[in-house]
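This document starts with one chain, in the form predicted alone, laid out as structure tokens.
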């Protein structure tokens, strides 16, 4: 395949015009040259925190459902996908593992969000299943394709679990936590350097106690952001970008089963969710995931922050893959996988190329 006369955006090199040549699944040549362009080529997007999409939910999806989900996301430029659980029984988590374990790319692994979180910061997680971590249970529910687990550092046995997970190269992300600065700093210094759906389900910033939100800003945590204008205002997204810079931000959807569908009644982790005007909430009023589609989140970030395309390629792909040690993806570089999203100048998805083949074209 030869992609000609485009603006090429690499997260490290930056922006330049030229051609991209692929052979099989791999980029084999990049030819910079001056040209007029109408299309922008960036590394394919990576959504590493998503619970569900168009009624396909991680907690009850079959292998065929997971495959359908990943292929439908090509329409939104996503070439790397990590489905995400909610707090559940060990038996239900093991069922998810059984259904997803034979799925290949674009599914890159599994994210366990809970059950080892703070019930006072549960958000839309089912409190019936929230519990303390134990290494014995974690051994059972973290086969090699589990890439990421969200935990609260104030839970008993957190550091024993962290040590085991680090040996397995499974990233630990802090989330649904009431930890203050001292506890956040300790977790960070011990290698838990990522924050789940920042700043949601953390203690708010106060000038006498910067808490979880302030700790994430002060320390070099990598932070997930849901750019739907609901979980955080556009001004907060802009503030986070100004403080953290593009190297520390990972865009996610945190989507639930109404993503891509109309308003109505849905479910998340066994809890009823009501979607009105695209906003998903429990009956209590708590936000319950999002209905965000990844390409919309990317476009929102671009508009909210005024960032460069280079920075946009970092937050939409490169940072997420690098953080989870997923190799040879997330850049436009010779030898890397030929996974691209082709955009127009308004940052709308026009085409998605996965492993050197066009898998979606508008």
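Positions refer to the first chain, counted from 1. Keep in mind that this is a model prediction, so the values were computed, not measured.
One more form of this protein should be noted, the form predicted in complex with another copy of the chain, which is absent from this view; the next part is about it.
A residue is said to contact a partner when one of its heavy atoms sits within 4.5 Å of a partner heavy atom; residue 111 fails this definition for another copy of the chain in the model of the complex, lying far away. With a 4.5 Å cutoff on heavy atoms, residue 220 counts as touching another copy of the chain in the model of the complex. Under a 4.5 angstroms non-hydrogen atom cutoff, another copy of the chain in the model of the complex has residue 233 among its neighbouring residues. At a distance threshold of 4.5 angstroms between non-hydrogen atoms, residue 133 is out of contact with another copy of the chain in the model of the complex. Only one listed stretch (252-260, 159-167, 211-219, 68-76) carries heavy atoms within 4.5 Å of another copy of the chain in the model of the complex, and that stretch is 211-219. Between another copy of the chain and the residues 205, 107, 271, 97, the one pair within 4.5 Å by heavy atoms in the model of the complex involves 205. Checking 265, 283, 277, 242 against another copy of the chain in the model of the complex, a heavy atom within 4.5 Å turns up for just one residue: 242. If you check another copy of the chain in the model of the complex, you find a heavy atom from every one of 181, 238 and 287 within 4.5 Å. Residues are counted as partner-facing when one of their heavy atoms sits within 4.5 Å of another copy of the chain in the model of the complex; in 124-143 not one qualifies.
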